[in-house]
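Let's start with one chain on its own, the form predicted on its own, as structure tokens.
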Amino acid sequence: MLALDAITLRAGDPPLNHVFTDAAITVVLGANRSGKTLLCRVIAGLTSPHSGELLLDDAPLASYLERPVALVTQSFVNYPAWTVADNIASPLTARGVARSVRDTKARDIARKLGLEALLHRYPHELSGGQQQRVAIGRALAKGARVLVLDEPLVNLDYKLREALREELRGLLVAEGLTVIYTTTDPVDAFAMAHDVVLMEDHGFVQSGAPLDVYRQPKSFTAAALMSEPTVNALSDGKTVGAIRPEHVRLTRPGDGAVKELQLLVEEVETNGTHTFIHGLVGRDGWIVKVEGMVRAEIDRPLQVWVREADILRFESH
């Protein structure tokens, strides 16, 4: 198992302690500049931590060249003058593995990634999704025990991301790798993760099974990170409430205690499945997420309701 033992990424950062589940996918979820990429580089051996130790099976990880870790970044790079087959096999080429063995391994990996018919093509002849799969194939060819994917799908369009998420999860689970997958999107956590680690300001916020963290966030930050769109804030001075956009109602709920609020509508948008109403409750920006197509007048107040049971309350700091 891969373990972080009091790792600090920079001077003054909080220590990171975590054991990544073996042969499982852990999604590290955080906003941009939360430290996710730096954590990936430290695990891969490209950057040294400020302090602490990385352990694999209770032993310190080897240096970069001998470390059984493969890294795929969001700005994936394939060798432009090499075919798909040669790109996938490049880690084996670097180790001096015989051509026949390299070719067999490349074909096997390409088959798993749906690239078998593209082995003789060059990167410029591939789509963005195909190029990303080649980069992942190269990481698999390295024979690493730990695969680190730093926002690997962020540059792809929504439909392609959705399709690749499903393909990747099945492939990575079948390979039995310990996978660390970073993202800003909680949808990735629910779609791919066995475990999720929430990250902010180069520190860990909370970890656990995605549904457990969603249902029982330990802080407002944790609730916000596990919500898409982010949560709405409602403060009474002593506590701050986190209300998910889908829990704001346009009609009064008939069950339990409710809180009635007035939302000043600023913008209305839809994705065809849901309508998102943006506005102000007091001075706080809110988002209401409603199924289907809903009309709301801009610059007009709108009555909304929230069940008390749907308000996640945390101490105000």
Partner chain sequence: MAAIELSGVSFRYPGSTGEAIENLSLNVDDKATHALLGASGAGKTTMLNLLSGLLLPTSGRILFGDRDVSAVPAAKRNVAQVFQFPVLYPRMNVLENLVFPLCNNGWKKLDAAARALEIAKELGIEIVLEANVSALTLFERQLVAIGRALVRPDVALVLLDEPLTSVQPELKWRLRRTLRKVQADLGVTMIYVTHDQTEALTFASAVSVMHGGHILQTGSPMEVHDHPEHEYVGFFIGSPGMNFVKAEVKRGAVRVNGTALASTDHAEGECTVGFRADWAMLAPDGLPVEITGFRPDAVQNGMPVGIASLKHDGNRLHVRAEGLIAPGPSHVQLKHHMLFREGRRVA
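Please read these numbers as outputs of a predicted model, since none were measured by experiment. Residue numbers count along the first chain shown, from 1.
Not on display, but discussed next: the form predicted in complex with its partner chain.
Residues with any non-hydrogen atom within 4.5 angstroms of its partner chain in the predicted complex fall in just one of 130-138, 241-249, 93-101, 114-122: 241-249. Each of Glu162, Asn271 and His278 comes within 4.5 Å of its partner chain in the predicted complex, counting any heavy atom. Distance criterion of 4.5 Å from any heavy atom to its partner chain in the predicted complex singles out Glu291 from the list Asp58, Glu291, Glu260, Glu66.
Site annotation in the predicted complex: the residue of Ala174, Leu211, Ala81, Val77 reaching within 4.5 Å of its partner chain with a heavy atom is Leu211. Although the partner is absent here, Ala189 lies within 4.5 Å of its partner chain in the predicted complex, judged by heavy atoms. Although the partner is absent here, Glu53 is not a contact residue: none of its heavy atoms lies within 4.5 angstroms of its partner chain in the predicted complex.
Proximity of Asp299 to its partner chain in the predicted complex falls within the 4.5 Å heavy atom cutoff. For Ile180, no non-hydrogen atom is located within 4.5 Å of its partner chain in the predicted complex, even though that partner is not displayed.
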